[in-house]
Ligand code: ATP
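There is one chain below, alone, in structure tokens, taken in the form predicted on its own.
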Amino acid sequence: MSAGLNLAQQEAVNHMHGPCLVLAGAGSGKTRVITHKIARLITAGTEPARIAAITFTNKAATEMRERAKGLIGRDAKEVLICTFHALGVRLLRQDGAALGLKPQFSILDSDDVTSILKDAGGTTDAATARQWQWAISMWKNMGLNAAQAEALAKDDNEKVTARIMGRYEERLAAYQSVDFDDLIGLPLKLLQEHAQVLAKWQQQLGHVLVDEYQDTNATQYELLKLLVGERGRFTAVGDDDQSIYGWRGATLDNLKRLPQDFPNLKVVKLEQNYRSTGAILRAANNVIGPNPKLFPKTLFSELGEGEPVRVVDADNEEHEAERTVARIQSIRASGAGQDWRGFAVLYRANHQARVFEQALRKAAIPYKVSGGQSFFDRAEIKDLCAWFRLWVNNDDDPAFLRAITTPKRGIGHTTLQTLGVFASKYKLSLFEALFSSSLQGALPARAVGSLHEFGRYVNDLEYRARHTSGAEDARAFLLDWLKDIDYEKHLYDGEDSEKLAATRWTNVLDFCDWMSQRCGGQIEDAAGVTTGTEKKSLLEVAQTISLLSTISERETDQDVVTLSTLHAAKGLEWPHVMLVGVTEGMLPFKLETEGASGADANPNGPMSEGILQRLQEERRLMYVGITRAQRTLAVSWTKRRKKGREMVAAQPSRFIAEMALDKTTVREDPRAKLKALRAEFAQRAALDAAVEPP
């Protein structure tokens, strides 16, 4: 079972009866270790259904499930392989009644949350609501409720936000809804406050494996501790050098706490890299060197020295984009890279993509922007999902408001506003309120009639969805429903461009096909937990949509160049990587104190503890970027860059110097190289023509 594993990997796989921390450097085979450990646990007698492997993305869960299936066969489908949030959904669907949740509670997306916060805070400004949203999310990830957040508030602004959080929590309870952060916080509360539920889950989970452990926040760590109990049968796999999500609550304190909370912790370091060449790894080790180490390690590779790391300077962003495109063309022309999918352009911030998109389009090179709009973020898909959410949970007020107004059905804002006031007064959901006998005293008979008609229609759809299963029947039902509400006409009426409306309608049809397939039981459920071939009702599938639409992106393996932020690139790899825009003020990103510019900041000057921690995280981000490359790496910077409407002087990032230029890098002009290659090809063509018979 341990065939193909190195000694450190074998050590991690064979330690099964106590807590284990696997420090897996970039490209060191961590997924291989996790899947082999699952297999080892099963052969040692642990039932597959008592093993849980927790990841951070649906994509990672799917990859792990496929690899486990290839290694252990049918037993893999019994193993609980899912995201932290999907595990939270499972706990709450099964035992959330102890917290007052119905099994069919709704999961709100980011737009729903913004809308509720605008209402709770009495503002129409989305930007203000998003600031509250950000603060509330951080507090929840720290394990704080509204009262605790208010007690710890540093100023009046934070006190106001904490009070709004209190009103927001009340609305979520009334709507029988949870937000994304609640999928961790509420299961934690459930296990903390209900001993029977805790005992059940500790008994149910014989061994827990956690991928990307360094990305866990305080709440996730507490949840893990409760799930594994004092026996501590878990394997945490992570890399402190790749902790780049401090801004969303991830904390390296979780790595520090493991040896304290579990004194018999076994620590195994994976230092052999199977991805990158020696030159690339040396640059990576040099960059990460200045950061303090919890568990020191040095990556090494047996793949040979490889191409030197290249440093490319450019006059400005447009010049940098031209040189990047020339480099891609040069590598392709030399025969070192045949497919477009082998190339990635990585940058610090989303706005940097635009100039590279323009240059790639000009050169007729196909590309995709990774981390762009998710399929489920499209307005037309959100419209349909609102209807599904309402079928599943009639108390979901945000879904009610979207469904009743999309498409418009003659029920105006005044009617809905009156309904909202009435519902609040009697502590009812909007759907409950529309059937109240007292409503006739608050609204004209015609308006009440329209509301009743909508309510009956939703109930009828819910009944039919509950009794519709199988791919063909589900698709027929969905198409009939869309025709019934005239959704295609709604799309065409709402768009100036027929082409855009047609694209949106195609998305809707694709979505209907996708839903129908799931009713045929051909794909895993949205929580990414089980597979099967049994038919599911449309209502059952609708129940799982919210989670998928919140945390998943549909990705296809197209032959295109990838443009991606460094954060979105984590966990991925490409043969050829261009790391661009590596200037002070961009990477590291604006470490300066107020008033100083990034370019002017002194890299060697004194720093506060907060700025020092941010610099260390930015250095880890650079390290992540470098270690995405398998065969070649180019790092580019610009002598001038745009700041607002002005062009300002820029300096190369301190991280370029930390890569140790004299040992690992060569400066190059890719355009000159490409020009030379073209001249060489032209010369060969001329020679061929000269020797061929007429």
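Predicted, not measured: the structure shown is a model, and the values here were computed from it. Start at 1 and count along the sequence shown; that's the residue number.
One more form of this protein should be noted, the form predicted together with adenosine-5'-triphosphate, which is absent from this view; the next part is about it.
Asker: Find the only residue in I51, I626, A650, A26 having a heavy atom within 4.5 Å of adenosine-5'-triphosphate in the model of the complex.
Answerer: None of the others qualify; the residue that does is A26.
Asker: Since exactly one of R654, R32, K69, R40 fits, which has a heavy atom within 4.5 Å of adenosine-5'-triphosphate in the model of the complex?
Answerer: Only one listed residue qualifies here, and that residue is R32.
Asker: With the partner removed from view, which of 570 to 578, 356 to 364, 283 to 291, 157 to 165 is the stretch that lies within 4.5 Å of adenosine-5'-triphosphate in the model of the complex, judged by heavy atom distances?
Answerer: Within 4.5 Å of the partner lies stretch 570 to 578.
Asker: Please run the contact check for L5 against adenosine-5'-triphosphate in the model of the complex: heavy atoms, 4.5 angstroms, yes or no?
Answerer: Residue-level check for L5: yes, a contact with adenosine-5'-triphosphate.
Asker: Do Q242 and adenosine-5'-triphosphate come within 4.5 Å of each other in the model of the complex, heavy atoms counted?
Answerer: Yes, Q242 sits close enough to adenosine-5'-triphosphate in the model of the complex that at least one of its heavy atoms falls within 4.5 Å.
Asker: With the cut-off set at 4.5 Å between non-hydrogen atoms, does R614 touch adenosine-5'-triphosphate in the model of the complex?
Answerer: It does not: once adenosine-5'-triphosphate is placed as it appears in the model of the complex, R614 has no heavy atom within 4.5 Å of it.
Asker: Considering only heavy atoms, tell me if F295 and adenosine-5'-triphosphate come within 4.5 Å of each other in the model of the complex.
Answerer: No, no contact at 4.5 Å.
Asker: For the stretch 182 to 220, which residues lie within 4.5 Å of adenosine-5'-triphosphate in the model of the complex by non-hydrogen atom distance?
Answerer: Only a single residue, E212, comes within 4.5 Å of the partner.
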